[in-house]
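First, one chain by itself: the form predicted alone, in structure tokens.
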Amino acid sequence: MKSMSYEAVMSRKNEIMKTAVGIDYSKFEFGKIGFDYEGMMANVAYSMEEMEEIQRRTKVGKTPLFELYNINKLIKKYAEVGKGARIFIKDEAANASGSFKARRAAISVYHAKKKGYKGVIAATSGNYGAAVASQAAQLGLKCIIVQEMYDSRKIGQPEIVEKARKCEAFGAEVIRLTVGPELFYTFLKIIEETGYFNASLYTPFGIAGVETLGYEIAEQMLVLEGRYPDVVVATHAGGGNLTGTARGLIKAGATSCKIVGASVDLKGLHMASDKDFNRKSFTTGHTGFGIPFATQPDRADVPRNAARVLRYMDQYITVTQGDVFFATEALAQMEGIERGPAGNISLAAAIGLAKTLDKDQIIVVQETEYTGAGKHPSPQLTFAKQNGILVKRGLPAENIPGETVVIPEHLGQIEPTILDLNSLKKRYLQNALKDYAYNDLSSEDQNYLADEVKLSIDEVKSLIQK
């Protein structure tokens, strides 16, 4: 009998993951730190045509893309003359489970079925769990979702509770945990006990599944406007959304499209803190995930994360919680579509960006998500007040994560913050080089690092020396 102690299970994590995913990641490693990222993606991914067919069969993909006419008119009111880019939105709530994550789940669950696994398992707080459960239901596989749901008082956010309900509606077994290190331990233990497929957010199957989203955006914009978008804004948390979308755009030929990542600013709140767990109004799409995953992507639940945003991101911006609540209400009351909070992070960012770009430019907000009882602004803000957060109208700059949620009084007050992307790249390089000196690396290792941060070798050298 194998020991199931915390230390014993964690020591077997690579062995457990290899069995549960079916990928020998060591085959792609070279040199001291090098990793053949494209080789891994090419070795295990399906073709675009195959993925589109897989997704079509389970009610995923080919979602509508439309212009936000009323919001665009209002943006021009607050923009300088000649400014005010047009915003289009890709309505991913039309997927089977109500979010873009159905694309990730469709390929992962299909692959699990193809390889003979009896069930799938995922560790997630929400939308991805619902997506995996929806796909598993359609393909006749068992599904277990391990969810970090409560603080130590056994109190969970309305949004997290809503997501658990949706997972169960699709027939999944949901294992609810309190915040803390037991999540990954419990996840590994269940994988080992069941022999189920690890439908991780971060496998090549999941990231490749999102490529169809970027590919569709490019194709649809050609039909609608005769050209590719100038900017695509993607909500950034763990990185799969942005990575997959960018790869799809590139495969479609939209290589000059600017890729912008957007997160909610939750600086100062610790994601593994019991005290801070319920003092945030967003469970994903925030800097508590976005920055760590950008600078140390292999912190994921697989040995190598296929989501590597610094390879693709051209700009990284943050918005406040209040900005997103404003954008959510604007989308409902001006455009007549009610959507959940995560996709509206990128919408809030796009509104701020649009005011600064020329009026003939096009921004695509690449996702929406379903809404539900726990995802509406009202229960989320009520919950915030119950946890001692001051909610008021005013200037977004007055937002203090964990203390206040300040909702703008008008659209003109939404002003995203542009983060220093080079500082994130430098932090990534420092993490990658913690055991080695850069000058001791081979040219192949140095080229790998340059690809990882989307810079030339000379630029990498200069950044390290700063």
Ligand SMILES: Cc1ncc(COP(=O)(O)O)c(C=O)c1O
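Note that the coordinates shown come from a computational prediction; the quantities given were computed from them, not determined experimentally. Just count from 1 along the sequence shown to find any residue number.
Form predicted in complex with the ligand: not shown, discussed below.
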Thinking of the ligand in the predicted complex, which stretch from 362 to 370, 253 to 261, 108 to 116, 389 to 397 has heavy atoms inside 4.5 Å of it?
362 to 370
Is it the case that residue 144, even though its partner is missing from this view, gets within 4.5 Å of the ligand in the predicted complex, heavy atoms only?
no
Tell me, yes or no, whether residue 103 is in contact with the ligand in the predicted complex, where a contact means a heavy atom of each within 4.5 Å.
no
Any of the heavy atoms of residue 127 lying within 4.5 Å of the ligand in the predicted complex?
yes
Does the ligand get within 4.5 angstroms of any non-hydrogen atom of residue 284 in the predicted complex?
yes
Ok, 288, 238, 352, 248: which has a heavy atom sitting within 4.5 Å of the ligand in the predicted complex?
238
